[in-house]
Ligand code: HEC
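Next comes just one chain, in structure tokens: the form predicted on its own.
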């Protein structure tokens, strides 16, 4: 575990891929920094990494809360989106275009990124030709080199965790107080960085992801917590603990999303949707 990784998050926004595959211990094929191309393309890739790491600070007109893309798409302290089972960007380009039942349509990668801006970042979509969109896609494409189109490496997306029972919110609160409160606060408001952004992001309240974000899904939040939390101690909580604490977190007050009325137009809304 690299020291800088501890500036990442405990829990937040939804991933760019659909629910992940079975857990895998294999490392993702992350390209070496030395493979960055020279010239304008390399400069675009570096800018894309910065947008994903400092989304609020660099794109304030499009982000409506205190989060950044890296808060869900965990990295290694240098790159963003390189951790298995945490919405990695490695290979994500190879998986698009992609049908998404929530939209009832085939999405491009750019459309999927904008969905995160509207839901996870509670903001506004970028124009598809916005320089930041081009740079973020350039970065994801660089991370995805060597992953064949139509395939996805082990650990892609967000694995789901579902138990055959109803969650116990009282027990979830107890787990939160014992294992999450130190970083995210008693009121879920996170730990702000005086220099901007958050050291540990808000899990609920006006600065967190909205009700329609991927991480507002119970089984997705539970899967993320299981593999990645507490920070640096992934897989240390039991399935029962993460199932309950995920339910407790996602059922706290958070921003609404009026556009949710258009979701799952084919009538295939998942069981763990918040609305």
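Just so you know, these numbers come straight off a predicted model, no measurement behind them. Positions refer to the first chain, counted from 1.
Form predicted in complex with the named molecule: not shown, discussed below.
- Put simply, of 94, 161, 134, 183 only one has a heavy atom within 4.5 Å of the named molecule in the predicted bound form, and it is 183.
- Using a 4.5 angstroms threshold between heavy atoms, residue 218 stays clear of the named molecule in the predicted bound form.
- Residue contact check for residue 202: one or more of its heavy atoms lie within 4.5 Å of the named molecule in the predicted bound form.
- Taking the partner from elsewhere, residue 223 is found to have every heavy atom lying beyond 4.5 Å of the named molecule in the predicted bound form.
- Though the partner is left out of this view, residue 98 does reach within 4.5 Å of the named molecule in the predicted bound form, counting heavy atoms only.
- Proximity to the named molecule in the predicted bound form holds for none of 36, 85 and 139, with the criterion being a heavy atom within 4.5 Å.
- With contact defined as any non-hydrogen atom lying within 4.5 angstroms of the named molecule in the predicted bound form, the contacting residues in 109-147 are 109, 112, 113, 116, 117, 120, 121, 136, 140, given in sequence order.
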